[in-house]
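There is one chain below, alone, in structure tokens, taken in the form predicted alone.
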Amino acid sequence: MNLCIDSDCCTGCGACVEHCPGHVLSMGSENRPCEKYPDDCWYCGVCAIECPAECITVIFPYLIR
């Protein structure tokens, strides 16, 4: 999972799905967003920025060198 979506505060507006440039998100059960293609996430944060309820947190992967 690349995103942490707080389902308690999510209103199901779909703004995150609409603005995701990689089409990673889709509307799932109970009209809530879910990661359809988590491996394709660009970690751009557009979903978190566009969320009017501010209930999405992008979880960045660890950098291993």
Partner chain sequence: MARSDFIYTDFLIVGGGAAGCMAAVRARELEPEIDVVILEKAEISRSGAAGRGMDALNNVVVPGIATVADYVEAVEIVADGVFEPTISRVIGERSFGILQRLEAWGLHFPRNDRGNYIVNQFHPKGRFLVEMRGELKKILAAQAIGCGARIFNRHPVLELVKQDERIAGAIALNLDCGELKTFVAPAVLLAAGGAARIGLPSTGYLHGTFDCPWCNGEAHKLGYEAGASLTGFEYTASSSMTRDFNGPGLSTFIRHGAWLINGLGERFMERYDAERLERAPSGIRMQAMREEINAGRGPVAFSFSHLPVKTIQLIEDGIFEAERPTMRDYFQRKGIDLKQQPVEVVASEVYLCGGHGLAGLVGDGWGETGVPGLFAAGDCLANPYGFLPGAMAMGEATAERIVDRSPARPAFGDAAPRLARLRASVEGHRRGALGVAVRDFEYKFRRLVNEYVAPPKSARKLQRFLDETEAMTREQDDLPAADAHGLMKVFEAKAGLFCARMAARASLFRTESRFGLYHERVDYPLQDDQNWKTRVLISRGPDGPILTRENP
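Numbering follows the first chain given and starts at 1. Every value quoted in this text rests on a predicted model; they were computed, and no experiment measured them.
This next part talks about the form predicted together with the partner chain, which is not shown.
Trainee: Given that the partner chain is not shown alongside this chain, does residue 45 nevertheless sit within 4.5 Å of it in the model of the complex, heavy atom to heavy atom?
Mentor: Taking the distances in the model of the complex, the answer for residue 45 is yes, it comes within 4.5 Å of the partner chain.
Trainee: Would you classify residue 58 as touching the partner chain in the model of the complex, given a 4.5 Å non-hydrogen atom cut-off?
Mentor: Contact with the partner chain, yes.
Trainee: Can you check whether residue 49 is within 4.5 Å of the partner chain in the model of the complex, heavy atom basis?
Mentor: Residue-level check for residue 49: yes, a contact with the partner chain.
Trainee: Can residue 10 be called a contact residue for the partner chain in the model of the complex at 4.5 Å between heavy atoms?
Mentor: Outside the cut-off, so no.
Trainee: Using a 4.5 Å cut-off on heavy atoms, which residues of 11-26 contact the partner chain in the model of the complex?
Mentor: Heavy-atom contacts to the partner chain in the model of the complex: 18, 19, 21, 22, 23.
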